[in-house]
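Coming up is one lone chain in structure tokens, specifically the form predicted on its own.
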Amino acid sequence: MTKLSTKHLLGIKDITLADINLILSTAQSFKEVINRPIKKVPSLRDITIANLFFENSTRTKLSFELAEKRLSADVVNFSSSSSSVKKGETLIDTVNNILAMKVDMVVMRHPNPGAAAFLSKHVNAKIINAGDGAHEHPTQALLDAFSIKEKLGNIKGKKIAIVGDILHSRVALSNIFCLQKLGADVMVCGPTTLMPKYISSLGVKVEHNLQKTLEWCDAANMLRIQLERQEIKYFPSLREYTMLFGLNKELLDSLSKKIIIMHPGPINRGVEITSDVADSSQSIILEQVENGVAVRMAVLFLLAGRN
């Protein structure tokens, strides 16, 4: 297979295992490209891509922008904090104005779940969801899968734990869909108050003890507490959360085996993970960042239909 089964990347739920494997193998080729002295290829030379970020983002936005530039695309950046959206312009108006400028692809992050899917039905451009509320963040799940595969050689049959604020995390949901399609065994761990009600219907194991979770898994993806999405208090204090669900070096070293530590960033050092764990030899957090560019290059390249 050399072509994706879909015109857009709206979520991992909507794509097939063959799509995921194609993206990961294409990303492998692009990873070689970005490690060359000349890191640019002319693959998307005549393609214009608009990055629409209606919500703050540093890493995802930079990663997409770098991927687009490495592929020689023309890039238009739009951030809603300084735009007409503040003056009451609707999502469709904003996008139609951008499309009137003849944009081929739109990378969009939006606080509302389903915004990317809504957009894909109304505008004539390829849409990539860079995060929609607490719903999905497909490229993060793909780069996480790529990073695990690179480190462990395979994902099928591996035990992967996702720890932290599962309720508000689009990374958790996309990761669950992606890892299950690739044949991994998935466990989520965190306070009961931060588990979504539907979690058991996703076929994942649920654990509330961090030590047990870490003894079980081959890789642990530590999520941050998303205080900006929490209208009410889900736990007494950050200090208490850290005592129960924070990963420190002492706990990591006490495990009966070496496991991989991951984090989608930004890290709240000292809350979900201590600095000595984040910077340890078991951490692949910086590899995830590098792999993010290669994976996003692959997604852009494949959606543009370039073979």
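When you see a residue number, it is the position in the sequence shown, counting from 1. These numbers come from a predicted model, not from an experiment.
Note that the form predicted in complex with a small molecule isn't included here; everything after this is about it.
- Within this chain, Ser280 is remote from the site of the small molecule in the predicted complex, having no heavy atom within 4.5 Å.
- At the 4.5 Å threshold, heavy atoms of Ser254 stay clear of the small molecule in the predicted complex, well away from it.
- Although the partner is absent here, Asn56 sits close enough that one of its heavy atoms falls within 4.5 Å of the small molecule in the predicted complex.
- Though the partner is left out of this view, Gly270 does not reach within 4.5 Å of the small molecule in the predicted complex, counting heavy atoms only.
- The stretch in contact with the small molecule in the predicted complex, judged by heavy atoms within 4.5 Å, is 56 to 64, chosen from 24 to 32, 235 to 243, 42 to 50, 56 to 64.
- For the residues Asn221, Asn129, Gln140, Ser169, the 4.5 Å heavy atom test against the small molecule in the predicted complex is passed only by Gln140.
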